[in-house]
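Here's a solo chain for you in structure tokens, the form predicted alone.
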């Protein structure tokens, strides 16, 4: 039961931080999203004992850390570093797309479907 509680609290806190960045900091949604993705990437780049800080965060918060946009930055860096170790420098590019391709594809497909339904003007 506590796993669900922590997931809701941590995921909600990340959303509150993003909302405060837009409301109080007057940042655009694009700037807010970029900062949160970079934060996830930086937290994945910091490791203690061979385990990244974001991986420890995921172990603690579960879906509260994997669902928000910060996990996209985590996936970018995590994939790049893993493939760099396995395949060398070319692995940086392939690793980025290997872990994030499903999310990118889903965003494109669902955006297209939403555009068909909503019929945007202009």
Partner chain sequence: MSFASRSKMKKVTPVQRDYQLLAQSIEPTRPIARNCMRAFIAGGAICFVGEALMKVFQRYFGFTEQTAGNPTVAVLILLSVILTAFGVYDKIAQWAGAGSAVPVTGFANSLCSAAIEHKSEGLVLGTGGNMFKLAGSVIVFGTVSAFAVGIVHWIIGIKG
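In this text the structure is predicted, and so the values were computed from the model without any measurement. Positions refer to the first chain, counted from 1. Think of the rigid core as the biggest set of C-alphas that the two forms share within 1.5 Å after superposition.
Beyond what is shown, the protein has a form predicted together with the partner chain; the following relates to that form.
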Is residue 53 close enough to the partner chain in the predicted complex to count, meaning some heavy atom within 4.5 Å?
no
Heavy atom contacts to the partner chain in the predicted complex at 4.5 Å, residues of 1 to 34 in sequence order:
3, 4, 7, 8, 9, 11, 12, 13, 14, 15, 16, 18, 19, 20, 22, 23, 24, 25, 26, 30, 33, 34
Taking the rigid core as the frame, does residue 16 move its C-alpha by 2 Å or more between this form and the one not shown?
no
